[in-house]
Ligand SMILES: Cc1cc2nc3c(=O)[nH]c(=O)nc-3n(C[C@H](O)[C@H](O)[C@H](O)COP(=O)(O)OP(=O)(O)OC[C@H]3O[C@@H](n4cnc5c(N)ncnc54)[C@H](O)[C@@H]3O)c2cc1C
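Single chain ahead, by itself, as structure tokens, in the form predicted on its own.
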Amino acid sequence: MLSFWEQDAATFHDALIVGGGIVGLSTAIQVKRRKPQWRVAVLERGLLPSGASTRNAGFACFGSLTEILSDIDRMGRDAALALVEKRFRGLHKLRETLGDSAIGYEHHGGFELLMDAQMEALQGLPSLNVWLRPTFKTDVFQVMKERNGQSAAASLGFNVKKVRAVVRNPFEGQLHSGKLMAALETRARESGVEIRTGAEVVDFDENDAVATLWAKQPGSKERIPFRAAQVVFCANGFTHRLLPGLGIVPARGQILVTEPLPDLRWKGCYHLDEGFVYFRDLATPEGPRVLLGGARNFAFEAEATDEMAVTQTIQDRLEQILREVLLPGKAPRIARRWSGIMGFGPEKKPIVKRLGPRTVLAFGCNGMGVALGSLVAEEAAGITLA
């Protein structure tokens, strides 16, 4: 049971943010910046962000060639290109706000490996470059050429029997997800935002005057009420637990990291298979490693979960890609495995809207939280304070 002091001082706020990931902390910062006199708090269910904010691959990307072409087929050209432009602006905003050093940003470019099944995408590359030129002012995607008589795939050490072409994009980079979240947390606390971890929100209600959230601490059955004039839900892949009728579903992303590989020939963030598989170099004091993740398209139904676990099916597939495509003839040891929980809506576009008189939804990731988080937060703060 709460003490008098806790009940009296700790539970009423002007704004409460549910979820302490990229979107949640960024939204809290934006609200506090616009309303410095407000009492703003973030309620995060885990000791660390529980979804994907510190459990992603650290890509500062906006979409590969095959992914964008697929989005155009599904969403229409205007909507898909607008989403790319928003992701690019969001990355710029993030870097500008926090600084490259604070988030461990490295600019090595983005790449995509094309197999036989994806070679048709090269026919759409020229048109896509033309369509993207108003945003980027130059061509975005280029097919890498031979070097010293070797194909790009061969010069980078990939399996030339499987990799038919390598497409480069000079506008993308990579970052350190842990440093990113630490920088956001520092900025939030400096702004006067309260951050309460171990506070799992399990229910809520609202009326015209106030919204009430009920949260539980780990290992406790007691439901602690938090009241606020405004609540913003930024729970991403866990949104469905509190708001099941919005069509937002969880999607687990699994990752592995190898032991150091001193002869690794490439740097940068890479995609395969319309972005479903992704990998990058990971610089460590012991030497470069490979971080490889994704492949949930091999088990869509099983990976539509918010259970934080790794599975044999996906990990075996990732290791197969590692051995047969990325590092042919080698058998690197795996140093670490983990998973993170993303959230996907009915469309890839962010969903930022008012739900009720005292509640707002800020959902915008769809696997692109690093790119979209800053702009989604700005929009959410604007709606919250309107």
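Note that residue numbering begins at 1 and tracks the sequence as displayed. Quantities reported herein were computed from a predicted structural model and do not represent experimental measurements.
Keep in mind that the form predicted together with the named molecule is not shown, yet the notes after this line are about it.
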_Using a 4.5 Å heavy atom cut-off, which residue among Gln30, Ser50, Thr359, Thr66 comes into contact with the named molecule in the predicted complex?_
Ser50
*Sole residue of Ala199, Ala295, Ala152, Ala211 within 4.5 Å of the named molecule in the predicted complex, by heavy atom*: Ala199
*Is the gap between Gly253 and the named molecule in the predicted complex 4.5 Å or less for some heavy atom pair?*
yes
_With the partner left out here, check for me: in the predicted complex, does some heavy atom of Gly58 sit within 4.5 Å of the named molecule?_
yes
*asked:* Whether Arg45 contacts the named molecule in the predicted complex should be assessed with a 4.5 Å heavy atom distance threshold; does it?
replied: yes
*Proximity of Val18 to the named molecule in the predicted complex, heavy atoms at 4.5 Å*: yes
_Just to confirm the contact call: exactly one of 314 to 322, 327 to 335, 341 to 349, 33 to 41 touches the named molecule in the predicted complex at a 4.5 Å heavy atom cutoff, so which is it?_
341 to 349
*Candidate site Cys234, Leu242 and Met368: all three near the named molecule in the predicted complex by heavy atom within 4.5 Å*: yes
_Sequence-ordered residues of 274 to 297 touching the named molecule in the predicted complex, heavy atom within 4.5 Å_ = Tyr278
